[in-house]
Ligand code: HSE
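Only one chain is shown below, in structure tokens, and it's the form predicted on its own.
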């Protein structure tokens, strides 16, 4: 039996739309083993009531992609999913499912795929690398797809950096969050984001957390998505006033994530309270960046 732990991820980090991501120390677990026949899927934890137990299950689909690639077809399969990552909240639940299925299936079939090939398969399923790359490799990743190949660089999270994560009690599909984005943006907004994304990557490499407030500003997606998250702009402002170095929409949302090295309890309180003022109940978690991506903890 293969057991794989996959971290949650936060994507974009403000200006790095579809190219920046970071792994967090909250995990889903994928267990997989061969059977003599049939497909048996068990799910427990977050979203368990809504996750399919048949061949449409995304973990199974990811595993099948590996099996087809390496020409390995087990007669039957048992999959057990234990989920901590909130579903459809902007913390990479689908990326964790895809990466977990791919890594487990690769181990089950003899570890024939390199990590780069597993990333390629994950991007084929997810559509972009911003979540699947940090889920697979850990840490902070900068990724770009070109001519069917994913180019990436991993950055170690700066010392002392932690995140305060405010998770609203409603789901927001990535599809809907993308539909509100314009097909074109003004040149000045594109230039604004290029500068911020470059500054952010440099600040993270240098560990210069004081640059995050400016570096995490965005004009490509957050303003357009604010209408989908009641109270979003107020929560962002309140977290900054409480001492956050930077605060952004996590992935497609609705989760908001503050980056800080101090004042964690105050930041958590004001994010929760400000959401409540807009009629939104939010769960607040203190999570740390993790340098470790998907990993097999047991093999029996």
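Residue numbers count along the first chain shown, from 1. A quick note: this is a predicted structure, and the numbers were derived from the prediction, not measured.
What follows is about the form predicted together with ligand HSE, which we do not show.
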Thinking of ligand HSE in the predicted bound form, which stretch from 162-170, 74-82, 123-131, 206-214 has heavy atoms inside 4.5 Å of it?
123-131
Although the partner isn't part of this model, could you tell me whether residue 11 comes within 4.5 Å of ligand HSE in the predicted bound form, counting any heavy atom of the residue?
yes
Considering only heavy atoms, tell me if residue 288 and ligand HSE come within 4.5 Å of each other in the predicted bound form.
no
May I ask you to check whether residue 225 falls inside a 4.5 Å heavy atom distance of ligand HSE in the predicted bound form?
yes
Please tell me whether any heavy atom belonging to residue 254 falls inside 4.5 Å of a heavy atom of ligand HSE, as the geometry stands in the predicted bound form.
no
Heavy atom within 4.5 Å of ligand HSE in the predicted bound form: which residues of 154-189 meet that condition, in order?
174, 178
